[in-house]
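Below you will find one chain, with nothing else, as structure tokens; this is the form predicted alone, and questions on how it binds or moves follow later.
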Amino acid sequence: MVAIPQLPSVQTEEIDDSSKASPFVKWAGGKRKLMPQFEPYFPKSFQSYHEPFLGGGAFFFHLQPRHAVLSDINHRLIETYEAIRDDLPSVLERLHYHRRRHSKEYFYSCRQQLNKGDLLLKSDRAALMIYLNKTCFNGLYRENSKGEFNVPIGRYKNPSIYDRENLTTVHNHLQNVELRVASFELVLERAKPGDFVYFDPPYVPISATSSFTNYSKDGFSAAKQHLLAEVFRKLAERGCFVMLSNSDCGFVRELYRDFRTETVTAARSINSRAKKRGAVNEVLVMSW
């Protein structure tokens, strides 16, 4: 085990459930429903919070840290967070527009527009991102080799496209939060002793039909899993509180054999075949 130095206690603010935001996008591997299982393992206190695979941000919204650096390699995702933080009225206006016009033809027109979005305002692109996420198949985000969002329309009778109350709460929580488009290893430039770092990378596939790493056109290889394990170790040696989620398999357990591991159970729905979805074990790795 890597020893964590004794650090001054810096308490986080108490969580007020009445003002807690929920993830505003559905993201593969989202952790919102797992919070009761994770809660006993959170550090009692920490300074800044870092989440280099932001996705839906369930950990961030649950913890409500005083200071956070949130990052992801997906530039569309990060600029959506930025637009909600910096220009929420415009995002809400566009979402209201999309809600009124939703149809199959409109969905595919918007998907094409998102993939050619350089001429749009950031708030326009953010609203398109949210609209497509709420109406696409299984709430999935996936890119092809050209970096184009290519998920087909889902089968929803009444998709929740416009959630003003939650987006307003999200906006409030994002004030004074630093958002970055960055690869996970760049957390080494920011994290300091006493900080809490949570990694939720694309998971190691545990079967031939479960592989899903195309959140971006570059995917997430075994070499990147090894690099991530090295970053985890460096942060632990620095004196950070480091936590990581991944598949419960021999490859992952070997990568993190020097650290504490716990098993949690998650319901997953990424598999295209409904009968293959269901409860699976995940491993939770901690540096303390």
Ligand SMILES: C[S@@+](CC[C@H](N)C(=O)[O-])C[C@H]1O[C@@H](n2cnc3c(N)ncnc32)[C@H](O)[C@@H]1O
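Note that residue numbering begins at 1 and tracks the sequence as displayed. Just so we're clear, the structure is a prediction, and the values are computed from it rather than from any experiment.
One more form of this protein, predicted in complex with the ligand, exists but is not displayed; see below.
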Is it the case that Ala28, Phe53 and Pro201 all touch the ligand in the predicted complex, with a non-hydrogen atom of each within 4.5 angstroms? yes
Partner proximity in the predicted complex: Val231 to the ligand, non-hydrogen atom cutoff 4.5 Å: no
Heavy atom of Phe46 within 4.5 Å of the ligand in the predicted complex: no
So in the predicted complex, does Phe184 come within 4.5 Å of the ligand, heavy atom to heavy atom? yes
Does the ligand get within 4.5 angstroms of any non-hydrogen atom of Ala58 in the predicted complex? yes
What is the one choice in Ile153, Ile73, Leu88, Leu140 with a heavy atom within 4.5 Å of the ligand in the predicted complex? Ile73
Report the stretch among 112-120, 129-137, 193-201, 97-105 that approaches the ligand in the predicted complex to within 4.5 Å, counting heavy atoms only. 193-201
